[in-house]
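What follows is one chain in structure tokens, specifically the form predicted alone.
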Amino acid sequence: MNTEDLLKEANIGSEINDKDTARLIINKDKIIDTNEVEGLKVDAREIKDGVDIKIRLEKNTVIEKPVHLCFGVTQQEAVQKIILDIEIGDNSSINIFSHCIFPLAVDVKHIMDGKIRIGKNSFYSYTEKHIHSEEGGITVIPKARITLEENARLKTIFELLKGRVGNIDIDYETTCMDRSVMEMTAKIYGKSDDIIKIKETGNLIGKWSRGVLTSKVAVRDNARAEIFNKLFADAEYARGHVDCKEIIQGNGKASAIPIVEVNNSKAHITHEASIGSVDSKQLQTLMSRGLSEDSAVELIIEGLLS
């Protein structure tokens, strides 16, 4: 598989030749292509087994078109380390699509260590889409520490589009200042002997700050999932919610630990967690319409993760 195939897997087509679309394409530890747009500076440096990346968005800058990051490995065995340092200036906006592609992985480790600061009155969206091999031979370890300044907004989505999970261990922590808003969502389907670990923490330390942590996970066969979501509120009128839903099939195992901690009488946080098999009423309804049990289960899970 070459880099062109990698881009096809990521569904990156015309963007590769669009001078108005910012992008950074990496195959293992090699920078394949990069393009900057006005107001956005991308400084990428090749290091041993990976790339060190600094992204700077100037203040008062709105990037209209999504920025494309592609972190891929075309080998069956490899280590890829991504060091990511992002600064979003005040009064700015950016939407990043991050494609992580390991279609041939037999023994691949992808490690990401991110530090992100979102300036005052700014918006930062980060959608992370994964494509894995069917072998499950991938270990993904993403870690990020994120700070939202006053009135900043953060939206993150993590999802597996194709292939098996393998081993995944997510560790994200966000700190919210006054009137900032965070939404963090993870959607993963584990099969065979996949292992899913999600740890997401939100620190609501600013007045009127808000946060939502959402995890939607399904496991079947012998897959395992461990979800640890925590919201901490230490400021007046901080508001938050933790929502964890897990579906188990076969010998799958799942645990969910939603933690809410409130240290201010004027703050309010709620949580909801559910673990179980697919809804029997939904299952019977779909089967009555001609679907097999397996097809009905897959459709229900697809609905959960949509």
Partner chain sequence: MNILELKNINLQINGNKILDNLSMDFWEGYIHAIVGPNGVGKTTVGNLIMGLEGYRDFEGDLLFKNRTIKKLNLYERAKRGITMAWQEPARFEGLTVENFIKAGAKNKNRKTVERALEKVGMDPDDYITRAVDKSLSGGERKKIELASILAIDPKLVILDEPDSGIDVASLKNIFDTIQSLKENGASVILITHSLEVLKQAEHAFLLCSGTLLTKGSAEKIGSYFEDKCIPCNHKNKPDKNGVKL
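Numbering follows the first chain given and starts at 1. On a predicted model such as this, the values are computed, not experimentally measured, just so you know.
The next section is about a form of this same protein that is not shown, the form predicted in complex with its partner chain.
Q: Could you spot which one of 281, 266, 65, 30 gets a heavy atom to within 4.5 Å of its partner chain in the predicted bound form?
A: Contact residue from the list: 281.
Q: Taking 4.5 Å between heavy atoms as the contact cutoff, choose which of 56, 253, 245, 59 touches its partner chain in the predicted bound form.
A: That would be 245.
Q: Please check if residue 17 has a heavy atom lying within 4.5 Å of any heavy atom of its partner chain in the predicted bound form.
A: No - in the predicted bound form, heavy atoms of residue 17 and its partner chain never come within 4.5 Å of each other.
Q: Indicate whether its partner chain has at least one heavy atom within 4.5 Å of a heavy atom of residue 216 in the predicted bound form.
A: Judged by the heavy-atom cut-off of 4.5 Å, residue 216 is in contact with its partner chain in the predicted bound form.
Q: Pick out the residues of 110-144 whose heavy atoms come within 4.5 Å of its partner chain in the predicted bound form.
A: The stretch 110-144, when checked against its partner chain in the predicted bound form, contributes no residue at the 4.5 Å heavy-atom cut-off.
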